[in-house]
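What follows is one chain in structure tokens, specifically the form predicted alone.
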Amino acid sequence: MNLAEVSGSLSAIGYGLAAIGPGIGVGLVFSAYIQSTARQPESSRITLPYVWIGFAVIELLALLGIAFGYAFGQ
């Protein structure tokens, strides 16, 4: 047995790396919303639906990453 041998599925590591992107994306979406609301508070009700749509799309990408990671990682 070689000490550098890796056994098992690497899908979990792949998803961990793939989750970095959506994590950063969610932070950027909410950061932009907080900054825009701080600059123009009366627009907060107008821009809030777009924040949730952006959040949902980013989270969908994260879920697709885990689904494809386990589907094609075999």
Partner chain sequence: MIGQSIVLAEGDIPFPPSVEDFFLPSIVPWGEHSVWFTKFTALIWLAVGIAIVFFLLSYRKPQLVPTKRQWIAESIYGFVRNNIAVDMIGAQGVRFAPYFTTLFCFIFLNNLWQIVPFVQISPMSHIAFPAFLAIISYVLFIYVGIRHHGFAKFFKHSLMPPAPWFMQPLLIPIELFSTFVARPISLALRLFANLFAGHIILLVFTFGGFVLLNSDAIFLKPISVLSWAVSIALTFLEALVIVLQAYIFTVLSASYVQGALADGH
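Since we're looking at a predicted model, the values are computed, not measured. Numbering follows the first chain given and starts at 1.
Quick note: we don't show the form predicted together with its partner chain, though the next part is all about it.
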For the three residues P49, I53 and L64, verify that every one has a non-hydrogen atom within 4.5 Å of its partner chain in the predicted bound form; reply yes or no. yes
Consider L17 of the chain shown here, and say whether it contacts its partner chain in the predicted bound form, taking contact as heavy atoms within 4.5 Å. no
Its partner chain contact in the predicted bound form: R39, any heavy atom under 4.5 Å: no
For L60, is any heavy atom within 4.5 Å of its partner chain in the predicted bound form, or not? yes
